[in-house]
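For reference, the chain that follows is the form predicted on its own, supplied as structure tokens.
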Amino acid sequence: MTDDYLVELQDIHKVFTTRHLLPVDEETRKRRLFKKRDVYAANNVSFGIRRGEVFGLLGPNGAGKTTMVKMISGLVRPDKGQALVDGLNVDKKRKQVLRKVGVVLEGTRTSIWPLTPLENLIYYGMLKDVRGKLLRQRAHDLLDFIGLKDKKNVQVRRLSRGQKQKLAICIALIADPQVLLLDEPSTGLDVQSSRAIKDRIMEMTRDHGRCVLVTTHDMHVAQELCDHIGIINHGKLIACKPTEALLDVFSEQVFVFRTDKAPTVAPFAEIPGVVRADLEQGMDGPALVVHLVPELEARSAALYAVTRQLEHADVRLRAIAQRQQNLENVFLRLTAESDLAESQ
């Protein structure tokens, strides 16, 4: 492992076997287990997270994201391979690793419900060797930061789902961890709290050299927040690149010409360098959508030809823009290809 990595997974393999419990046989009075199938939560997965980096782990439900988080935090042991945190093997140095890691698992059962939010933070802080005035000050600061100042002495059982989620994030941050693992952290949060959490994550990584692993279904959050994206499906890591590089791989030369009236599409499809031409009708009027070849010279010539054809057709050009690829489209495309390959 290089010094730049705070977290690294090396050839991680994890299989869960699902079994179906059959009714008691009336003759033998025995119950037998029918082995249903093996589910791959991790199939030789390897990736690393550098200091100062936010890593987004994306995937459909059941793809293995939460299992990855649990293996890094020591809650689940891999069948093969190893997980490292700051150079420490999670399986062998679990107690030391737990002091370096803060975890927010999906759901709201991290906290102890009969206790108050303040009591929860004091309890979990002491478990991670945070003591005295530092612990109490940090607990109060976190509750103020997350918007639970007025609820710090209310039993957790009386809090809303969103407030419990806020508390779970505070518990993860109480020991000022080097590694923060967030499994669907924005679940149940209002817009203001979600924004505050994003800002805190950026501060932790950029200014203090921590690293953060985020699993989320919100592609807009992932694209905005994450420096590096890993996409997992059926336990396999099907993509792992810097966010911008991943978007560039799947970007296409698509240009949108906003016009004052709808042009006839056929002449544009015949222009050399034009792969396809379509007409779209939006809220602000018609648009000619032109797909071009990637080669610069041919693409440039095609763009000039399209504008000349619009002028020839007496169509006024209101605006022109290149359509940018987004993470949601890339995710859907990659997972669809993975599902197809898995079914064959």
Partner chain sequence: MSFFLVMKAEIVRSFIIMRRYWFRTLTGMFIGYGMLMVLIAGFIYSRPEMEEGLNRFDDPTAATNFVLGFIIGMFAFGVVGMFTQGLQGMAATGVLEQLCMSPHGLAVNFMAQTVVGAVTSIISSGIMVFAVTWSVGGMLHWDTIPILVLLTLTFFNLVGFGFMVGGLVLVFKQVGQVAIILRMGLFALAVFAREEILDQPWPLALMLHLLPITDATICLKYVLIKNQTMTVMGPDGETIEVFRSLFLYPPFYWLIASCVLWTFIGLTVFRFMEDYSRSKGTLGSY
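What you are looking at is a predicted structure, and each value in this text was computed from that prediction instead of being measured. By rigid core we mean the largest C-alpha set that fits within 1.5 Å across both forms. Numbering follows the first chain given and starts at 1.
Note that the form predicted together with its partner chain isn't included here; everything after this is about it.
Not one of Phe255, Arg258 and Val289 is positioned with any heavy atom within 4.5 Å of its partner chain in the model of the complex. By the criterion of a heavy atom within 4.5 Å, Gly74 is counted among the residues contacting its partner chain in the model of the complex. Using a 4.5 angstroms limit between non-hydrogen atoms, Lys128 touches its partner chain in the model of the complex. Interface residue remark: Phe145 is not counted as part of the site for its partner chain in the model of the complex, having no heavy atom within 4.5 Å. Not displayed here, its partner chain is kept clear of Arg51 by more than 4.5 Å at the level of heavy atoms in the model of the complex.
Stretch-level contact check against its partner chain in the model of the complex with heavy atoms at 4.5 Å: of 200-208, 236-244, 219-227, 119-127, the positive one is 119-127.
Put simply, of Ser193, Thr110, Thr187, Gln178 only one has a heavy atom within 4.5 Å of its partner chain in the model of the complex, and it is Thr110. The partner is absent here, but in the model of the complex a heavy atom of Arg94, alone among His140, Arg94, Lys80, Arg161, sits within 4.5 Å of its partner chain. Heavy atoms closer than or equal to 4.5 Å to its partner chain in the model of the complex belong, across 51-69, to no residue whatsoever. Core-aligned CA deviation for Arg131 between this form and the one not shown: less than 2 Å. Core-superposed comparison between this form and the one not shown: the CA of His228 stays below a 2 Å shift. With the core held fixed, the Cα of His217 is displaced between this form and the one not shown by less than 2 Å.
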